[in-house]
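Presented below, as structure tokens, is a lone chain in the form predicted on its own.
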């Protein structure tokens, strides 16, 4: 239905019976922001602290380390801030050093052997404690002691235990008719000594992570396997290990990255010696920067960047493997 009205000028105007249309906004009215823009600003506000943290504690130190490695930073240049540009000469110096091959081999042995034993012993203990027998909680707490102690205390304790003259380890060996072993002063045993100490320090981490992963395995699977006549060994290989694969992957990756950069344990026990017998890339980097009376920061930074590249490569390999495993 349409109504006709006459305005004050005498002209007819037509309008809908339902009433007038929407009123136009006032000239001074404030326009509301689109909802998508508000959400974007909210998301940025939540992400800003994380972005600032990454820039300050990751991006800037990484850039600074690269900048150190391509300049000739002596102590004077470091203080005055006028180092000469050296390009990749410091990297060539590192790769051409006689210590490079020894450090790479020792790093590989130290990392691989430590991770294999830490993971194996940690997994065995996690499976053992899964039974929740009496005093299992107390024993698990005792196994966490190496993780809770300061590294300088643990390393000093191991250095005393493996002392050639009055260490408790040699005392036990001699009590059983064995000969004294120069654990920390012989080139043949120095690397073995620091590996043993590092394995002891890393077992609690593997135990905690793998034990937590085992708690996510449904007990019904083990009950069904037992009813089918599967032995404990078969249950371990066909239930425990496959279901722990994601947890094991991240445990091994974190263990690799941590072990790759271990300095304090080796430095306190042997300082990378005797000679270069227990020298790793991380210890070599520390020795170049702070371990001598003449600090050389540029080679130390170059070695540190090499460690970063190695860790990144294994990190990307881990992500690739996880992605392929997720598709299959």
Partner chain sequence: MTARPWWKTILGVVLTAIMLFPVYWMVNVSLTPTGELRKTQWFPVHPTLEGFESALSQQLPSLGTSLVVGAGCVLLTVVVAAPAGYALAILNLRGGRALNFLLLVAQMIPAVVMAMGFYAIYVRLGMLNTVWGLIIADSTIAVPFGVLLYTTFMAGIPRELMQAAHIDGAGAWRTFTKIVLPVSRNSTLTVALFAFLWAWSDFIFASTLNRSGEFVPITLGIYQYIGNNTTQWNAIMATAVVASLPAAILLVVAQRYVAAGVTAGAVKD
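Residue numbers count along the first chain shown, from 1. Take the two forms, find the largest set of C-alpha atoms that superpose within 1.5 Å, and that set is the rigid core. Since this is a predicted model, take the numbers as computed values, not measurements.
Beyond what is shown, the protein has a form predicted in complex with its partner chain; the following relates to that form.
Look at 77-85, 96-104, 224-232, 187-195: in the predicted complex, residues with non-hydrogen atoms within 4.5 angstroms of its partner chain sit in 77-85.
Contact annotation: residue 246 falls outside 4.5 Å of its partner chain in the predicted complex, judged by heavy atom distances. In the predicted complex, residue 122 stays away from its partner chain, with no heavy atom inside 4.5 Å. Using a 4.5 Å cutoff between non-hydrogen atoms, residue 209 counts as a contact of its partner chain in the predicted complex.
Contact annotation for residue 68: at least one heavy atom lies within 4.5 Å of its partner chain in the predicted complex. Only one of the listed residues (252, 139, 217, 108) places a non-hydrogen atom within 4.5 angstroms of its partner chain in the predicted complex, and that residue is 139. Shown without its partner, the chain has 125, 128, 131, 133, 134, 135, 137, 139, 141, 142, 143, 144, 145, 146, 147, 148, 149, 150, 151 in segment 119-151 as residues with a non-hydrogen atom within 4.5 angstroms of its partner chain in the predicted complex.
Relative to the superposed rigid core, residue 290 undergoes a CA displacement smaller than 2 Å between this form and the one not shown. Once the rigid core is overlaid between this form and the one not shown, residue 45 counts among the residues whose Cα shifts by 2 Å or more.
With the core held fixed, the Cα of residue 275 is displaced between this form and the one not shown by less than 2 Å.
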